[in-house]
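As a starting point, one isolated chain is supplied in structure tokens, in the form predicted on its own.
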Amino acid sequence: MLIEQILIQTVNGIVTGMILALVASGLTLIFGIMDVVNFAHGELFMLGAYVGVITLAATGDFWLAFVISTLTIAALGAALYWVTLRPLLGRDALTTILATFGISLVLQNYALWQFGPVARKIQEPVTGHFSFFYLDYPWYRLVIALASAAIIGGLWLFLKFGTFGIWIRATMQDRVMAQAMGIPVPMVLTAVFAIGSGMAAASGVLFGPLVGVNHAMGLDWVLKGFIVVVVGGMGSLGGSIAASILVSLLEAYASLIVSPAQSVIVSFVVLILTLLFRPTGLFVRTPR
């Protein structure tokens, strides 16, 4: 029975880790390119879920709602960057932190005013179950893991081989030199924030069917997102993915010993140990 429980928790940890990796990838992309710690990322996650609720009610098509939500929040992210963050780039880091924190409060209170405190429900597109040891495990959880992996894989291919992806990597390495070479850096930075915002929205829609959609749902996820960004290495996309799965697996295994609410402590322990012994991140190579 213990082996079966470990296997079940392993699957749960990987599924949760892939959603967390999708959230953290957007955070990592924005920080790695722009040096902006985006505290509003959780609210973009939440608004993505709400747009998914509205679109699903209007169209009845989950995947159409997924696409529309991602594009809508990406456009909102671009507008937020252009209006609030672009004038602050180059200033003290605390300035952008306070700005994104203010955006977070505004978006959260807007959602509370517009949608109320009662949680909304997104109907999952796949409703079947399959036998997994002594449990009826939902197919939709596997759909989440596969969809998250596909999105992250698409982002990697885009950054590796796409022309705009090459511009993004050049801007990350040296913003001044990239602009001197003719790369439209302001457009690249706007696109990066839009892509990160769209990934947050995609995470919100995918995770929405598993929990109720409410104005505070992004808080826990963005907190975990920051933990895995630090553990994986600031600005490292691969490190964030590996750290997301590691932290989720450790929490899943810890829930076999303590309650699920108490197992969250494990992620904070990993964060503290990383800051003490490997402050650059567990999955970042340090020069010798």
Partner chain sequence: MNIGSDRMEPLVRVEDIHTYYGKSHVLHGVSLEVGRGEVVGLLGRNGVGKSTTLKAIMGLVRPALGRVLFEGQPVTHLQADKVARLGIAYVPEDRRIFGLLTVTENLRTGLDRRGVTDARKKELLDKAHQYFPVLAERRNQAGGTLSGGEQQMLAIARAMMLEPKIILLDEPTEGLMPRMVSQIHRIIDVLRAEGVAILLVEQNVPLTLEASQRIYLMEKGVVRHHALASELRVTDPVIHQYLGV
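Being a predicted model, the structure only gives us computed values, none of them experimental. Residue numbers count along the first chain shown, from 1.
The discussion below concerns the form predicted together with the partner chain, not included here.
The stretch that touches the partner chain in the predicted bound form, counting heavy atoms within 4.5 Å, is 175 to 183, out of 189 to 197, 175 to 183, 209 to 217, 71 to 79.
Contact check for residue 91: every heavy atom lies farther than 4.5 Å from the partner chain in the predicted bound form. Contact annotation for residue 129: none of its heavy atoms lies within 4.5 Å of the partner chain in the predicted bound form. At a distance threshold of 4.5 angstroms between non-hydrogen atoms, residue 166 is in contact with the partner chain in the predicted bound form. Using a 4.5 angstroms limit between non-hydrogen atoms, residue 102 is distant from the partner chain in the predicted bound form. Though the partner chain is absent from this view, in the predicted bound form it lies within 4.5 Å of a heavy atom of just one residue from 112, 170, 106, 143, which is 170.
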